[in-house]
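One chain comes next, on its own, written out as structure tokens in the form predicted on its own.
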Amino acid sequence: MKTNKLASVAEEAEAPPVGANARRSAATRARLVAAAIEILQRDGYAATTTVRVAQEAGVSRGAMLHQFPTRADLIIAVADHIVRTQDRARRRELRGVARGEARFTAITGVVWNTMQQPESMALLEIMLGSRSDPELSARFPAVMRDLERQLAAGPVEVGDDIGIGDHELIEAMTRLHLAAMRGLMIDRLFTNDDAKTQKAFELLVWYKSLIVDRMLGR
């Protein structure tokens, strides 16, 4: 399973690097990012040290430091990778839904689908861990701003398609839904009750249908 996960991360590179050394370096970097995601979602932020990540990835300490001189460098690279790859995944899934109200309604479920992935739990661990890491807390907000911008852009664009021009309201709804879904993920960590979590998410979807009706003047 771990080998497949490492390979999948390498396959997601936006463009293949040129030259044998560059390819080896990119492959090493991809293995380290994938290993960090595995440890973050499995064992938590505190356990995600550079030593453990190098061991998990089967990479030497020197190669690790060449790619990521500090733990913060590694964590920022992981967060950036998760944000970019999940944004691409959401866009791919939404392209399969008919434009208009159906696509606008589907956004919540698509985001929830990515929330179920190990990468989202890894990102949540980074969010919580950044509070106690001065270097990370200084750099991580920029990654989160990029994520928030990406998550808000889609609903605004699709909302325009169906005549919802109140962008501030759409952005507020997106922020509320995202916070609710993150809260459900944290709650599930402690309750370990997938059925109740899903039931709560379905209530969120029902609530969105009411808001959409109001936005469309129905």
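All figures in this text were calculated on a predicted structure; none of them were measured in a lab. The first residue of the sequence shown is number 1, and the count goes up from there.
The following text describes the form predicted in complex with a further copy of the same chain, which does not appear among the structures shown.
Note on contacts: among Q150, T49, Q41, Q55, the single residue with a heavy atom within 4.5 Å of a further copy of the same chain in the predicted complex is Q41.
The partner is absent here; in the predicted complex, the one residue of A77, M127, A106, A89 having a heavy atom within 4.5 Å of a further copy of the same chain is M127. Contact with a further copy of the same chain in the predicted complex, defined as any heavy atom within 4.5 Å, is confined among 26-34, 152-160, 188-196, 61-69 to 188-196. Under a 4.5 angstroms non-hydrogen atom cutoff, a further copy of the same chain in the predicted complex has M121 among its neighbouring residues. Proximity of A22 to a further copy of the same chain in the predicted complex falls outside the 4.5 Å heavy atom cutoff. Within this chain, V97 is remote from the site of a further copy of the same chain in the predicted complex, having no heavy atom within 4.5 Å. Residue contact check for G183: one or more of its heavy atoms lie within 4.5 Å of a further copy of the same chain in the predicted complex.
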